[in-house]
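Given as structure tokens, the chain that follows is alone and in the form predicted alone.
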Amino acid sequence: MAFGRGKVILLGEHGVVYGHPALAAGLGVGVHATATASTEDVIVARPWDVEARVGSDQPLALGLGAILEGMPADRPRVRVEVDVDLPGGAGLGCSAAIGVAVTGALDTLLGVERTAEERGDYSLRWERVFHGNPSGVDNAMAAVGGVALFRRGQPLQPVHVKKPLSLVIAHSGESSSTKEIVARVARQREAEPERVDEAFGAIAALVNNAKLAVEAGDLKALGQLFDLNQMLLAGLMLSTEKLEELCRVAREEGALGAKLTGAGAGGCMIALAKDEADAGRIRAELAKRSPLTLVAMAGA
């Protein structure tokens, strides 16, 4: 059995697509996958009750086909089964977690040896089917975990976490397509390159300061950086009324900071709590307004 972690971007969304840094954290929940020899190449996904055969135009079949293209030519046909414990379209890296888990399961079956980092890189084949031009941060965190600074085209830079981060995640109830939102931001940048690049530069400065705050255990400063990042993302028209409401409620309940995570325009928000007990209380309040909430520790 292979595992792909979910992830949250702590700071740095969208700028990361253009070579700026992002600070990300792996989650303890994600996707498990197994692979066995079969008479046909097929992928089964639970709890979605989806069964897709390579050769069809089903998205999961296209993703599996992309991964199989680089596997040994003398391989047998395979049946891959995945159990997904993450919501899709929520900014939690569900697609990347599936890709990493599927790659890991096939590597095990076929005797392919890769490091975790190599598995994350290879599974970009899967992500390109679903997201067109992914930054690679989701795959990297799905494979490696922990807290890390990511810059496109460069190795992950692990970040030492002095104090574990108690994160509250709440789904807005609004679906978000990473591919579509990345394209939307690209159109903004094409129309107003100076404004958008200035925002990306400001976000990059927040990311670098957040790395220092995590290493120093300065949760108050990290929360303030969350809020500043949220303001910049909202300026890029990536927030929604519901995301803003969830961020506001989290802050009113004592969160040190709150922001959207992932592509935005729907999906999830994250709030930084003082500790795990506070996180539970904040989650309880957010659960009154969100269809899915959870508490996740990063760097524990």
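For clarity, every value in this text was computed on a predicted model and none was experimentally measured. Position 1 is the first residue in the sequence shown; the rest follow in order.
Omitted from view is the form predicted together with (R)-mevalonate (MEV), to which the following refers.
Heavy atoms within 4.5 Å of (R)-mevalonate (MEV) in the predicted complex: does Ile9 have any? Ile9: yes, in contact with (R)-mevalonate (MEV) in the predicted complex.
Contact test in the predicted complex: His131 vs (R)-mevalonate (MEV), heavy atoms, 4.5 Å: Yes, His131 sits close enough to (R)-mevalonate (MEV) in the predicted complex that at least one of its heavy atoms falls within 4.5 Å.
Residue-level contact is defined here as any heavy atom of the residue lying within 4.5 Å of (R)-mevalonate (MEV) in the predicted complex; does Gly262 satisfy this criterion? The answer is yes: Gly262 has a heavy atom within 4.5 Å of (R)-mevalonate (MEV).
Hey, in the predicted complex, is Leu292 touching (R)-mevalonate (MEV), heavy atoms inside 4.5 Å? No, Leu292 is distant from the partner.
Taking the partner as it appears in the predicted complex, which of 175-183, 76-84, 206-214, 115-123 has residues with heavy atoms within 4.5 Å of (R)-mevalonate (MEV)? Result of the contact check: 175-183.
Sole residue of Leu106, Ile169, Leu222, Val137 within 4.5 Å of (R)-mevalonate (MEV) in the predicted complex, by heavy atom: None of the others qualify; the residue that does is Val137.
Pick from Leu286, Ala25, Val16, Ala279: which residue has any heavy atom within 4.5 angstroms of (R)-mevalonate (MEV) in the predicted complex? Residue within 4.5 Å of the partner: Val16.
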